[in-house]
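Shown next are two forms of a single protein chain, provided one at a time as C-alpha coordinates under the names structure 1 and structure 2.
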Structure 1
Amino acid sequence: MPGILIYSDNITLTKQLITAGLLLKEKMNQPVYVILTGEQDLTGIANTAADEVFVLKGSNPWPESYADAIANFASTEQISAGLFGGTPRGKDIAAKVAAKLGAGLVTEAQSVEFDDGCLLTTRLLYGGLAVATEEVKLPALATIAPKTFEEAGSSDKQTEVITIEAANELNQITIGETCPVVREGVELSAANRIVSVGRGVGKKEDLSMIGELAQAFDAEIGCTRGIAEDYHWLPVERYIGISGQKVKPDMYFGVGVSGQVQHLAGMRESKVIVAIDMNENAPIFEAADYGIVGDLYEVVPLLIEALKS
(Lines of atoms letter the chains of each structure in order from A and count residues from 1; the text may use other names and numbers.)
(Lines give C-alpha, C1' and ligand atoms only; values in the text may rest on other atoms or scores of the structure.)
Protein backbone atom coordinates (compact mmCIF):
# COMPACT_ATOMS: atom_id res chain seq x y z
CA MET A 1 0.00 0.00 0.00
CA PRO A 2 1.41 3.43 -0.96
CA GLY A 3 3.53 4.92 1.77
CA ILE A 4 6.64 6.82 2.71
CA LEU A 5 9.78 4.69 2.94
CA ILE A 6 12.63 5.46 5.33
CA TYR A 7 16.04 3.84 5.17
CA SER A 8 19.52 4.56 6.42
CA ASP A 9 22.50 2.35 7.16
CA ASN A 10 23.00 4.64 10.16
CA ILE A 11 20.31 4.13 12.78
CA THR A 12 20.65 7.65 14.28
CA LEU A 13 19.99 9.01 10.83
CA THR A 14 17.02 6.65 10.46
CA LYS A 15 15.48 8.35 13.48
CA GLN A 16 16.07 11.77 11.92
CA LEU A 17 14.47 10.58 8.68
CA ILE A 18 11.42 9.36 10.60
CA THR A 19 10.86 12.98 11.66
CA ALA A 20 11.03 14.06 8.00
CA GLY A 21 8.73 11.18 7.03
CA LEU A 22 6.14 12.11 9.67
CA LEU A 23 6.12 15.71 8.39
CA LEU A 24 5.42 14.43 4.88
CA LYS A 25 2.73 12.13 6.22
CA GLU A 26 0.75 15.14 7.48
CA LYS A 27 0.18 16.29 3.90
CA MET A 28 0.34 13.00 2.02
CA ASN A 29 -1.84 10.99 4.37
CA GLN A 30 0.23 7.91 3.77
CA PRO A 31 1.87 5.62 6.31
CA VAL A 32 5.56 5.83 7.18
CA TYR A 33 7.44 2.57 6.60
CA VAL A 34 10.81 2.18 8.23
CA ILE A 35 13.20 -0.33 6.74
CA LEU A 36 16.10 -1.83 8.62
CA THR A 37 18.53 -4.30 7.12
CA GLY A 38 20.47 -7.22 8.52
CA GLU A 39 21.38 -6.86 12.15
CA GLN A 40 20.62 -3.15 12.52
CA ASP A 41 19.75 -2.18 16.09
CA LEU A 42 15.99 -1.83 16.55
CA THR A 43 16.21 0.07 19.80
CA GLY A 44 14.15 3.23 19.75
CA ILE A 45 12.69 2.58 16.29
CA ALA A 46 9.57 0.56 17.01
CA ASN A 47 8.29 3.05 19.57
CA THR A 48 8.48 6.11 17.33
CA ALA A 49 5.38 7.32 15.58
CA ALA A 50 6.36 5.43 12.39
CA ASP A 51 3.53 3.24 11.14
CA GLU A 52 5.34 0.05 10.23
CA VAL A 53 8.83 -1.32 10.71
CA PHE A 54 10.29 -3.93 8.36
CA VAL A 55 13.54 -5.77 8.78
CA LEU A 56 15.04 -7.14 5.57
CA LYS A 57 17.14 -10.16 6.45
CA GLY A 58 19.56 -11.79 4.07
CA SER A 59 22.77 -13.77 4.28
CA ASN A 60 25.06 -10.95 3.12
CA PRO A 61 25.91 -8.40 5.84
CA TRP A 62 27.04 -5.70 3.35
CA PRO A 63 24.41 -2.91 3.48
CA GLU A 64 24.73 -2.18 -0.26
CA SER A 65 23.67 -5.75 -1.06
CA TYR A 66 20.14 -4.84 0.06
CA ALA A 67 19.58 -2.33 -2.77
CA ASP A 68 17.60 -4.89 -4.82
CA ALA A 69 15.53 -5.98 -1.85
CA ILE A 70 14.69 -2.38 -0.92
CA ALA A 71 13.73 -1.67 -4.53
CA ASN A 72 11.52 -4.78 -4.58
CA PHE A 73 9.85 -3.74 -1.36
CA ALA A 74 9.29 -0.22 -2.73
CA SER A 75 7.69 -1.45 -5.92
CA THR A 76 5.55 -4.10 -4.22
CA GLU A 77 4.23 -1.57 -1.75
CA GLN A 78 4.04 1.10 -4.48
CA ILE A 79 5.68 3.62 -2.22
CA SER A 80 5.21 7.29 -3.14
CA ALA A 81 8.23 8.72 -1.43
CA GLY A 82 11.53 7.34 -0.17
CA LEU A 83 13.86 9.13 2.19
CA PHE A 84 17.39 7.76 2.44
CA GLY A 85 20.16 8.72 4.83
CA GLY A 86 22.81 10.79 3.07
CA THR A 87 25.79 8.66 4.04
CA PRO A 88 28.13 7.35 1.32
CA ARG A 89 26.41 3.95 1.53
CA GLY A 90 22.96 5.52 1.67
CA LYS A 91 23.54 7.64 -1.41
CA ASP A 92 24.75 4.60 -3.36
CA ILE A 93 21.79 2.48 -2.27
CA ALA A 94 19.31 5.30 -2.99
CA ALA A 95 20.65 5.79 -6.51
CA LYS A 96 20.54 2.06 -7.24
CA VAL A 97 16.97 1.85 -5.92
CA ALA A 98 16.01 4.91 -7.98
CA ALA A 99 17.45 3.32 -11.12
CA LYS A 100 15.56 0.09 -10.53
CA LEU A 101 12.31 1.94 -9.89
CA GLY A 102 12.89 4.36 -12.76
CA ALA A 103 12.40 7.12 -10.22
CA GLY A 104 13.77 10.59 -9.65
CA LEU A 105 16.17 11.15 -6.77
CA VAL A 106 17.24 14.40 -5.14
CA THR A 107 20.63 14.27 -3.46
CA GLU A 108 21.16 15.97 -0.09
CA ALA A 109 17.76 17.61 0.00
CA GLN A 110 17.66 20.36 2.60
CA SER A 111 13.89 20.42 2.70
CA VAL A 112 11.23 18.03 1.45
CA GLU A 113 7.57 18.92 1.08
CA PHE A 114 4.55 17.44 -0.60
CA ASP A 115 2.94 19.86 -2.99
CA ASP A 116 0.46 19.44 -5.82
CA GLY A 117 1.06 15.73 -6.28
CA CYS A 118 4.85 16.06 -6.33
CA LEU A 119 7.68 16.29 -3.85
CA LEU A 120 9.12 19.78 -3.65
CA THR A 121 12.74 19.84 -2.54
CA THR A 122 15.59 22.30 -2.11
CA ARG A 123 19.29 21.59 -2.52
CA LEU A 124 22.57 23.35 -3.28
CA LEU A 125 24.09 23.75 -6.74
CA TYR A 126 27.44 24.96 -8.06
CA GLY A 127 29.39 24.16 -4.94
CA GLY A 128 26.96 26.01 -2.72
CA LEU A 129 26.66 29.14 -4.84
CA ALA A 130 22.96 28.60 -5.49
CA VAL A 131 19.89 26.89 -4.09
CA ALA A 132 17.63 24.95 -6.44
CA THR A 133 13.99 24.26 -5.74
CA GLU A 134 12.99 21.14 -7.61
CA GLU A 135 9.82 19.21 -8.26
CA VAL A 136 9.99 15.43 -8.28
CA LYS A 137 7.36 13.17 -9.79
CA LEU A 138 6.16 10.30 -7.62
CA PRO A 139 7.52 7.90 -6.70
CA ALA A 140 10.10 10.41 -5.53
CA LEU A 141 13.29 9.66 -3.63
CA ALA A 142 15.64 11.94 -1.73
CA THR A 143 18.75 11.55 0.33
CA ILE A 144 19.03 13.70 3.41
CA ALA A 145 22.24 14.67 5.16
CA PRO A 146 22.78 13.93 8.85
CA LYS A 147 21.44 16.53 11.29
CA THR A 148 19.02 18.05 8.78
CA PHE A 149 16.16 16.89 11.03
CA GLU A 150 15.93 16.21 14.74
CA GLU A 151 15.62 12.60 15.84
CA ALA A 152 12.05 11.38 16.22
CA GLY A 153 10.96 11.10 19.79
CA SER A 154 9.33 8.01 21.22
CA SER A 155 5.57 7.64 21.26
CA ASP A 156 3.52 5.37 23.46
CA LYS A 157 2.72 2.97 20.67
CA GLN A 158 4.78 -0.10 19.96
CA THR A 159 4.87 -0.91 16.26
CA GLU A 160 5.00 -4.50 15.20
CA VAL A 161 8.26 -5.40 13.50
CA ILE A 162 7.88 -7.49 10.37
CA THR A 163 10.84 -9.49 9.12
CA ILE A 164 11.15 -10.13 5.38
CA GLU A 165 13.58 -12.63 3.94
CA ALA A 166 15.86 -10.99 1.37
CA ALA A 167 18.00 -12.71 -1.25
CA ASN A 168 21.08 -10.52 -1.22
CA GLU A 169 23.95 -12.81 -2.18
CA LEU A 170 26.35 -11.20 -4.62
CA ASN A 171 28.52 -13.45 -6.74
CA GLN A 172 31.01 -10.96 -8.10
CA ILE A 173 31.65 -8.98 -4.94
CA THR A 174 33.39 -9.93 -1.73
CA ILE A 175 34.12 -7.55 1.09
CA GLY A 176 37.66 -7.58 2.40
CA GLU A 177 38.96 -5.86 5.45
CA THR A 178 37.16 -2.91 6.97
CA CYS A 179 39.26 -0.53 8.98
CA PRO A 180 38.10 2.33 11.12
CA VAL A 181 39.62 5.60 9.92
CA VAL A 182 42.08 6.66 12.58
CA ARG A 183 41.26 10.17 13.64
CA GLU A 184 43.42 12.44 15.66
CA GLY A 185 40.76 13.83 17.94
CA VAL A 186 37.00 13.85 17.80
CA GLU A 187 34.85 13.83 14.72
CA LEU A 188 34.87 17.24 13.10
CA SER A 189 31.16 17.34 12.38
CA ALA A 190 30.50 16.91 16.11
CA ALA A 191 32.91 19.63 17.23
CA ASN A 192 31.49 22.72 18.90
CA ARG A 193 34.34 24.94 17.83
CA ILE A 194 36.61 24.63 14.84
CA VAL A 195 39.75 26.49 13.89
CA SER A 196 40.27 26.03 10.17
CA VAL A 197 43.54 26.36 8.26
CA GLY A 198 43.81 27.70 4.72
CA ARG A 199 46.54 28.38 2.22
CA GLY A 200 47.39 31.66 3.89
CA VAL A 201 49.38 29.56 6.33
CA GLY A 202 52.79 29.38 4.74
CA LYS A 203 54.49 26.26 6.09
CA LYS A 204 53.50 22.97 7.63
CA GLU A 205 55.57 23.87 10.71
CA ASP A 206 53.23 26.79 11.36
CA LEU A 207 50.41 24.36 12.14
CA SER A 208 51.77 24.17 15.69
CA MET A 209 50.86 27.84 16.12
CA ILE A 210 47.36 27.07 14.83
CA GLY A 211 47.21 24.14 17.22
CA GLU A 212 47.94 26.51 20.06
CA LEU A 213 45.14 28.79 18.94
CA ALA A 214 42.75 25.85 18.74
CA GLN A 215 43.74 24.81 22.22
CA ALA A 216 43.10 28.31 23.53
CA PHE A 217 39.58 28.07 22.14
CA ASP A 218 39.15 24.41 23.06
CA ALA A 219 38.53 23.84 19.37
CA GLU A 220 39.18 21.10 16.81
CA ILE A 221 41.34 21.76 13.74
CA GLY A 222 39.85 21.68 10.27
CA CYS A 223 41.19 22.88 6.94
CA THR A 224 40.47 23.68 3.32
CA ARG A 225 40.66 21.10 0.56
CA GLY A 226 43.99 22.46 -0.64
CA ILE A 227 45.67 21.91 2.73
CA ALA A 228 44.53 18.28 2.86
CA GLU A 229 44.60 17.21 -0.77
CA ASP A 230 47.32 19.31 -2.36
CA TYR A 231 49.69 19.90 0.55
CA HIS A 232 48.82 16.78 2.62
CA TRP A 233 49.46 18.73 5.81
CA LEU A 234 46.34 17.37 7.46
CA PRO A 235 44.35 14.18 6.87
CA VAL A 236 41.55 14.43 4.29
CA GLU A 237 38.98 13.79 7.04
CA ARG A 238 39.72 17.26 8.25
CA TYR A 239 38.86 19.19 5.17
CA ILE A 240 35.66 21.15 5.20
CA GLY A 241 33.69 21.77 2.05
CA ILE A 242 31.05 20.64 -0.35
CA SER A 243 32.98 17.47 -1.12
CA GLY A 244 34.44 17.14 2.39
CA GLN A 245 33.11 17.53 5.92
CA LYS A 246 30.04 19.63 6.45
CA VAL A 247 30.16 21.28 9.84
CA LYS A 248 27.94 23.57 11.83
CA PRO A 249 29.78 24.33 15.07
CA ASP A 250 29.05 27.19 17.44
CA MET A 251 32.17 28.87 16.15
CA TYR A 252 34.11 28.48 12.94
CA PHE A 253 37.43 30.35 13.00
CA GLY A 254 39.24 30.56 9.64
CA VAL A 255 42.95 31.36 9.60
CA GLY A 256 44.36 32.19 6.18
CA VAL A 257 41.21 30.82 4.56
CA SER A 258 40.27 32.86 1.50
CA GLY A 259 36.73 31.49 1.43
CA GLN A 260 36.11 29.79 -1.90
CA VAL A 261 32.47 28.92 -2.32
CA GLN A 262 33.18 25.16 -2.13
CA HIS A 263 34.70 25.62 1.31
CA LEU A 264 32.00 28.02 2.48
CA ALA A 265 29.33 25.49 1.56
CA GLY A 266 30.79 23.18 4.19
CA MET A 267 30.80 25.65 7.08
CA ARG A 268 28.37 28.48 6.45
CA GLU A 269 25.74 27.08 8.75
CA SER A 270 28.08 27.63 11.68
CA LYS A 271 26.58 29.81 14.38
CA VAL A 272 29.39 32.36 14.42
CA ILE A 273 32.03 32.69 11.71
CA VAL A 274 35.34 34.44 12.38
CA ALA A 275 38.20 34.99 9.94
CA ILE A 276 41.74 36.27 9.85
CA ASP A 277 43.24 36.92 6.45
CA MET A 278 45.79 39.18 4.86
CA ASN A 279 43.54 40.03 1.94
CA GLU A 280 40.88 42.52 2.83
CA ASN A 281 38.96 41.48 -0.26
CA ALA A 282 38.92 37.76 0.49
CA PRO A 283 35.38 36.35 0.15
CA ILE A 284 35.65 34.86 3.64
CA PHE A 285 34.95 38.29 5.13
CA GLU A 286 31.60 38.40 3.36
CA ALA A 287 30.74 35.12 5.03
CA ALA A 288 32.08 36.14 8.44
CA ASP A 289 30.53 37.72 11.49
CA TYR A 290 33.88 38.95 12.76
CA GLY A 291 37.20 39.35 11.04
CA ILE A 292 40.66 40.80 11.30
CA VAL A 293 42.54 41.93 8.22
CA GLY A 294 46.18 41.33 8.79
CA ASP A 295 49.23 39.13 8.74
CA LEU A 296 48.20 35.98 10.57
CA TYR A 297 51.76 35.59 11.87
CA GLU A 298 51.28 38.84 13.73
CA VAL A 299 47.62 38.42 14.69
CA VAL A 300 47.53 34.78 15.82
CA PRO A 301 50.26 35.06 18.51
CA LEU A 302 48.59 38.22 19.85
CA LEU A 303 45.28 36.42 19.90
CA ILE A 304 46.69 33.38 21.70
CA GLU A 305 48.19 35.71 24.27
CA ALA A 306 44.89 37.56 24.69
CA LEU A 307 42.93 34.34 25.05
CA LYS A 308 45.31 32.98 27.66
CA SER A 309 45.12 36.05 29.87
Structure 2
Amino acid sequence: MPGILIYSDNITLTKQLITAGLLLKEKMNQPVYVILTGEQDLTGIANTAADEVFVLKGSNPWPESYADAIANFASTEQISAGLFGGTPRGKDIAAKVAAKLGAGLVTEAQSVEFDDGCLLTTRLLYGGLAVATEEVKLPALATIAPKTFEEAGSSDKQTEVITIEAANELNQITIGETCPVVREGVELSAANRIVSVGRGVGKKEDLSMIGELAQAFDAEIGCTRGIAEDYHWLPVERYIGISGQKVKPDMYFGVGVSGQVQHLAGMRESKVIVAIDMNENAPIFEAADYGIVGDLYEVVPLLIEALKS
Protein backbone atom coordinates (compact mmCIF):
# COMPACT_ATOMS: atom_id res chain seq x y z
CA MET A 1 0.00 0.00 0.00
CA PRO A 2 1.15 3.63 -0.45
CA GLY A 3 3.59 4.72 2.22
CA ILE A 4 6.57 6.86 3.22
CA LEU A 5 10.00 5.38 2.49
CA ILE A 6 13.06 6.02 4.69
CA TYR A 7 16.59 5.14 3.58
CA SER A 8 20.12 6.11 4.59
CA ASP A 9 23.44 4.31 4.56
CA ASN A 10 24.09 5.93 7.98
CA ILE A 11 22.01 4.31 10.73
CA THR A 12 22.06 7.39 12.98
CA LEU A 13 20.72 9.49 10.12
CA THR A 14 18.09 6.82 9.47
CA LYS A 15 16.70 7.42 12.96
CA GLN A 16 16.57 11.16 12.27
CA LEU A 17 14.72 10.56 9.00
CA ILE A 18 12.17 8.41 10.84
CA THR A 19 11.27 11.51 12.90
CA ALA A 20 10.56 13.41 9.66
CA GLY A 21 8.64 10.43 8.30
CA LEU A 22 6.42 10.23 11.38
CA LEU A 23 5.59 13.94 11.00
CA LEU A 24 4.50 13.29 7.40
CA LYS A 25 2.49 10.28 8.55
CA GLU A 26 0.31 12.53 10.72
CA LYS A 27 -0.84 14.44 7.63
CA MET A 28 -0.72 11.71 4.98
CA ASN A 29 -2.16 8.84 7.06
CA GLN A 30 0.27 6.46 5.41
CA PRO A 31 2.67 3.95 7.00
CA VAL A 32 6.38 4.61 7.42
CA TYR A 33 8.64 2.00 5.82
CA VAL A 34 12.34 1.82 6.66
CA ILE A 35 14.58 0.05 4.19
CA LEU A 36 18.09 -1.15 5.05
CA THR A 37 20.72 -2.73 2.84
CA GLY A 38 23.38 -5.34 3.36
CA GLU A 39 24.67 -5.71 6.89
CA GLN A 40 23.36 -2.44 8.37
CA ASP A 41 22.88 -2.55 12.13
CA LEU A 42 19.24 -2.86 13.23
CA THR A 43 19.97 -1.58 16.74
CA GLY A 44 17.35 0.94 17.81
CA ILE A 45 15.44 0.82 14.50
CA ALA A 46 12.83 -1.82 15.34
CA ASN A 47 11.31 0.20 18.21
CA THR A 48 11.10 3.71 16.72
CA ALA A 49 7.37 3.60 15.79
CA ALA A 50 8.13 2.94 12.13
CA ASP A 51 5.48 0.61 10.72
CA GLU A 52 7.74 -1.88 8.97
CA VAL A 53 11.47 -2.40 8.47
CA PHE A 54 12.66 -4.12 5.29
CA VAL A 55 16.17 -5.53 4.92
CA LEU A 56 17.39 -5.96 1.35
CA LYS A 57 19.47 -9.10 1.29
CA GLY A 58 22.08 -9.40 -1.42
CA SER A 59 25.63 -10.53 -2.02
CA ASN A 60 27.14 -7.11 -2.77
CA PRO A 61 28.24 -5.17 0.35
CA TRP A 62 28.20 -1.72 -1.32
CA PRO A 63 25.05 0.42 -0.90
CA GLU A 64 25.38 1.84 -4.43
CA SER A 65 24.49 -1.58 -5.88
CA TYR A 66 20.98 -1.49 -4.38
CA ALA A 67 19.56 1.59 -6.15
CA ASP A 68 17.58 -0.57 -8.60
CA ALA A 69 16.31 -2.81 -5.80
CA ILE A 70 15.17 0.21 -3.75
CA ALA A 71 13.44 1.69 -6.79
CA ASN A 72 11.73 -1.64 -7.47
CA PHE A 73 10.54 -1.80 -3.86
CA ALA A 74 9.26 1.80 -4.01
CA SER A 75 7.38 1.05 -7.22
CA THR A 76 5.85 -2.18 -5.93
CA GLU A 77 4.72 -0.56 -2.66
CA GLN A 78 3.50 2.56 -4.50
CA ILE A 79 5.60 4.83 -2.27
CA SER A 80 4.20 8.37 -2.06
CA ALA A 81 7.22 10.07 -0.47
CA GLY A 82 10.82 9.03 0.02
CA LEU A 83 13.24 10.56 2.53
CA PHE A 84 16.90 9.76 1.85
CA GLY A 85 19.95 10.59 3.93
CA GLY A 86 21.94 13.52 2.57
CA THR A 87 25.24 11.64 2.55
CA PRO A 88 27.28 11.27 -0.67
CA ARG A 89 25.96 7.73 -1.13
CA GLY A 90 22.44 8.69 -0.09
CA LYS A 91 22.29 11.48 -2.67
CA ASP A 92 23.59 9.17 -5.37
CA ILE A 93 20.99 6.50 -4.60
CA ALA A 94 18.15 9.04 -4.26
CA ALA A 95 18.90 10.48 -7.72
CA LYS A 96 18.90 7.03 -9.32
CA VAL A 97 15.68 6.00 -7.57
CA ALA A 98 13.96 9.28 -8.54
CA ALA A 99 14.98 8.80 -12.18
CA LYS A 100 13.66 5.23 -12.29
CA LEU A 101 10.37 6.22 -10.66
CA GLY A 102 9.94 9.39 -12.70
CA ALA A 103 9.58 11.24 -9.40
CA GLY A 104 10.64 14.74 -8.37
CA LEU A 105 13.64 15.13 -6.08
CA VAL A 106 14.57 17.95 -3.71
CA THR A 107 18.10 17.95 -2.29
CA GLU A 108 19.23 19.28 1.10
CA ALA A 109 15.67 19.81 2.36
CA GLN A 110 15.48 21.69 5.66
CA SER A 111 11.83 20.82 6.26
CA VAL A 112 9.25 18.50 4.67
CA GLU A 113 5.47 18.77 4.86
CA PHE A 114 2.46 17.39 3.05
CA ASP A 115 0.05 19.85 1.50
CA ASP A 116 -2.71 19.32 -1.07
CA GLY A 117 -1.19 16.26 -2.71
CA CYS A 118 2.34 17.67 -2.78
CA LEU A 119 5.54 17.37 -0.80
CA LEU A 120 6.26 20.89 0.43
CA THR A 121 9.93 21.51 1.21
CA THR A 122 12.25 24.36 2.15
CA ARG A 123 15.98 24.55 1.50
CA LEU A 124 18.74 27.15 1.69
CA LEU A 125 20.08 28.92 -1.38
CA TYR A 126 23.15 31.10 -2.04
CA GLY A 127 25.00 29.90 1.02
CA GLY A 128 22.05 30.54 3.31
CA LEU A 129 21.17 34.03 2.05
CA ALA A 130 17.77 32.86 0.82
CA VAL A 131 15.24 30.11 1.55
CA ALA A 132 13.48 28.36 -1.34
CA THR A 133 10.04 26.81 -0.84
CA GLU A 134 9.27 24.09 -3.37
CA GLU A 135 6.18 22.00 -4.08
CA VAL A 136 6.66 18.60 -5.71
CA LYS A 137 3.72 16.46 -6.77
CA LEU A 138 3.67 12.97 -5.32
CA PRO A 139 5.46 10.66 -5.68
CA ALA A 140 8.35 12.82 -4.50
CA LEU A 141 11.75 12.27 -2.92
CA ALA A 142 13.95 14.48 -0.75
CA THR A 143 17.45 14.20 0.67
CA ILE A 144 17.95 15.50 4.20
CA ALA A 145 21.28 16.37 5.82
CA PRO A 146 22.38 14.98 9.21
CA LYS A 147 21.03 16.70 12.33
CA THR A 148 18.18 18.39 10.49
CA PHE A 149 15.82 16.38 12.72
CA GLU A 150 16.26 14.81 16.14
CA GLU A 151 16.59 11.04 16.36
CA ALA A 152 13.32 9.16 16.75
CA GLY A 153 12.76 8.13 20.34
CA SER A 154 12.03 4.61 21.56
CA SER A 155 8.51 3.29 21.28
CA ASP A 156 6.67 0.42 22.98
CA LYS A 157 5.75 -0.78 19.52
CA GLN A 158 7.99 -3.56 18.17
CA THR A 159 8.24 -3.06 14.43
CA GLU A 160 8.16 -6.12 12.19
CA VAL A 161 11.44 -6.74 10.37
CA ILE A 162 11.05 -8.35 6.94
CA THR A 163 13.96 -9.67 4.86
CA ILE A 164 13.53 -9.53 1.09
CA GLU A 165 15.85 -10.68 -1.65
CA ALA A 166 17.45 -7.90 -3.73
CA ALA A 167 16.64 -9.62 -6.99
CA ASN A 168 17.99 -6.81 -9.15
CA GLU A 169 21.06 -5.71 -7.22
CA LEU A 170 23.73 -4.26 -9.48
CA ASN A 171 26.68 -6.64 -9.22
CA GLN A 172 28.80 -4.65 -11.69
CA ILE A 173 29.79 -2.31 -8.85
CA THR A 174 32.97 -3.45 -7.16
CA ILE A 175 35.52 -1.68 -4.98
CA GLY A 176 39.12 -2.58 -5.70
CA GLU A 177 40.79 -0.72 -2.87
CA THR A 178 39.85 1.68 -0.08
CA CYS A 179 42.12 4.33 1.44
CA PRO A 180 40.66 5.60 4.73
CA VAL A 181 41.00 9.33 5.42
CA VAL A 182 43.00 9.88 8.57
CA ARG A 183 41.30 12.63 10.58
CA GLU A 184 42.67 14.54 13.54
CA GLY A 185 40.25 14.63 16.48
CA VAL A 186 36.54 13.90 16.29
CA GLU A 187 34.21 14.45 13.36
CA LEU A 188 33.10 18.08 13.79
CA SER A 189 29.62 17.33 12.50
CA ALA A 190 29.10 15.11 15.57
CA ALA A 191 30.42 17.63 18.13
CA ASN A 192 27.95 19.12 20.62
CA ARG A 193 30.13 22.18 21.32
CA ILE A 194 32.55 23.95 19.01
CA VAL A 195 34.93 26.85 19.55
CA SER A 196 35.76 28.28 16.14
CA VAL A 197 38.71 30.53 15.39
CA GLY A 198 38.99 33.16 12.65
CA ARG A 199 41.49 35.66 11.29
CA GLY A 200 40.98 37.85 14.35
CA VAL A 201 43.57 35.63 16.06
CA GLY A 202 46.92 37.26 15.35
CA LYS A 203 49.39 34.39 15.30
CA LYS A 204 49.49 30.61 15.38
CA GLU A 205 50.93 30.54 18.89
CA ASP A 206 47.69 32.08 20.16
CA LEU A 207 45.82 28.92 19.27
CA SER A 208 46.97 27.54 22.61
CA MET A 209 44.69 30.12 24.24
CA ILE A 210 41.82 28.99 22.01
CA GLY A 211 42.58 25.39 22.94
CA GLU A 212 42.37 26.29 26.62
CA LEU A 213 38.98 27.92 26.05
CA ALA A 214 37.75 24.86 24.13
CA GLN A 215 38.93 22.61 26.94
CA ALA A 216 37.09 24.73 29.51
CA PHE A 217 33.92 24.40 27.41
CA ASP A 218 34.55 20.68 26.72
CA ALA A 219 34.38 21.64 23.04
CA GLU A 220 36.08 20.78 19.76
CA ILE A 221 38.05 23.40 17.80
CA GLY A 222 36.87 24.52 14.37
CA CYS A 223 38.02 27.35 12.13
CA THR A 224 37.31 29.51 9.09
CA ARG A 225 38.66 28.72 5.65
CA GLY A 226 41.50 31.24 5.92
CA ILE A 227 42.90 29.59 9.05
CA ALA A 228 42.97 26.14 7.42
CA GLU A 229 43.72 26.81 3.75
CA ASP A 230 45.62 30.11 3.75
CA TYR A 231 47.53 30.03 7.06
CA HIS A 232 47.58 26.21 7.45
CA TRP A 233 47.31 26.60 11.21
CA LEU A 234 44.70 23.85 11.51
CA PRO A 235 43.90 20.80 9.33
CA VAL A 236 41.31 21.28 6.58
CA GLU A 237 38.86 18.88 8.27
CA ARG A 238 38.37 21.55 10.94
CA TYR A 239 37.30 24.15 8.40
CA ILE A 240 33.62 25.09 8.74
CA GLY A 241 31.87 26.58 5.74
CA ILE A 242 29.94 26.13 2.54
CA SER A 243 32.68 23.96 1.02
CA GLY A 244 33.89 22.58 4.35
CA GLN A 245 32.20 21.01 7.36
CA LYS A 246 28.48 21.63 8.03
CA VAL A 247 27.92 21.65 11.78
CA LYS A 248 24.87 21.89 14.07
CA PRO A 249 26.24 21.83 17.62
CA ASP A 250 24.31 22.74 20.74
CA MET A 251 26.75 25.64 21.14
CA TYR A 252 28.98 27.38 18.59
CA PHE A 253 31.49 29.92 19.97
CA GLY A 254 33.18 32.11 17.37
CA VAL A 255 36.43 33.82 18.38
CA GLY A 256 37.69 36.45 15.97
CA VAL A 257 35.29 35.15 13.31
CA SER A 258 33.84 38.00 11.25
CA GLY A 259 31.07 35.81 9.86
CA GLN A 260 31.33 35.92 6.07
CA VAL A 261 28.46 34.16 4.29
CA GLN A 262 30.64 31.20 3.28
CA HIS A 263 31.33 30.44 6.95
CA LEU A 264 27.79 31.16 8.17
CA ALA A 265 26.44 28.59 5.72
CA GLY A 266 28.33 25.91 7.63
CA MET A 267 27.24 26.79 11.17
CA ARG A 268 24.06 28.89 11.11
CA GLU A 269 21.93 25.91 12.22
CA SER A 270 23.73 25.76 15.59
CA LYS A 271 21.30 25.88 18.50
CA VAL A 272 23.14 28.68 20.34
CA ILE A 273 25.68 30.98 18.66
CA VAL A 274 28.07 33.13 20.70
CA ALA A 275 30.58 35.49 19.08
CA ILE A 276 33.52 37.68 20.08
CA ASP A 277 34.77 40.30 17.62
CA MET A 278 36.25 43.78 17.72
CA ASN A 279 33.97 45.06 14.95
CA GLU A 280 30.44 45.70 16.20
CA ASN A 281 29.22 45.60 12.58
CA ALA A 282 30.68 42.16 11.88
CA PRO A 283 28.16 39.90 10.09
CA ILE A 284 28.59 37.23 12.77
CA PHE A 285 26.51 39.34 15.17
CA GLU A 286 23.51 39.13 12.81
CA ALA A 287 23.47 35.36 13.33
CA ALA A 288 24.59 35.31 16.98
CA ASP A 289 22.32 34.75 19.96
CA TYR A 290 24.93 36.38 22.20
CA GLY A 291 27.64 38.79 21.09
CA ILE A 292 30.65 40.30 22.83
CA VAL A 293 32.18 43.36 21.14
CA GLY A 294 35.73 43.53 22.38
CA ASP A 295 39.37 42.49 22.11
CA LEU A 296 39.50 38.70 22.17
CA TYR A 297 42.89 38.91 23.90
CA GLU A 298 41.14 40.55 26.84
CA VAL A 299 37.84 38.67 26.74
CA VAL A 300 39.02 35.08 26.23
CA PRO A 301 41.36 34.94 29.30
CA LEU A 302 38.52 36.33 31.44
CA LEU A 303 36.17 33.67 30.11
CA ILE A 304 38.69 30.92 30.77
CA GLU A 305 39.19 32.15 34.31
CA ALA A 306 35.44 32.34 34.92
CA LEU A 307 34.82 28.87 33.53
CA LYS A 308 37.59 27.32 35.58
CA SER A 309 36.32 28.87 38.79
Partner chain sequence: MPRILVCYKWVLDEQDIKIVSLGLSLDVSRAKYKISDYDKNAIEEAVRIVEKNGGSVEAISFGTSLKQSFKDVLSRGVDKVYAIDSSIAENADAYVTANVLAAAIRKIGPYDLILCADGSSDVYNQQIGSRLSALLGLPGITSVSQINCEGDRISATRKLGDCTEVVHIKGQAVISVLPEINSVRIPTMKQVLAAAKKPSEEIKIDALGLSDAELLPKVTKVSVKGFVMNRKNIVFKDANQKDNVSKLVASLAKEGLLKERG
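Nothing here was measured: the structure is a model prediction, and the numbers come from that model. All residue numbers here follow the sequence of structure 1, with the first residue given the number 1. Between two forms, the rigid core is the largest collection of C-alphas that superpose within 1.5 Å.
Each structure shows the same chain on its own, and structure 2 is the form predicted on its own. A movement of the C-alpha atom of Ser208 reaching 2 angstroms or beyond is seen between structure 1 and structure 2 when the two forms are aligned on their rigid core. Core-superposed comparison between structure 1 and structure 2: the CA of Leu141 stays below a 2 Å shift.
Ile292: CA moves 2 Å or more between structure 1 and structure 2 after rigid-core fitting. Relative to the superposed core, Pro301 moves its CA by 10.7 Å between structure 1 and structure 2. Summarising the core-aligned comparison between structure 1 and structure 2, the C-alpha atom of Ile240 is found to shift 2.5 Å.
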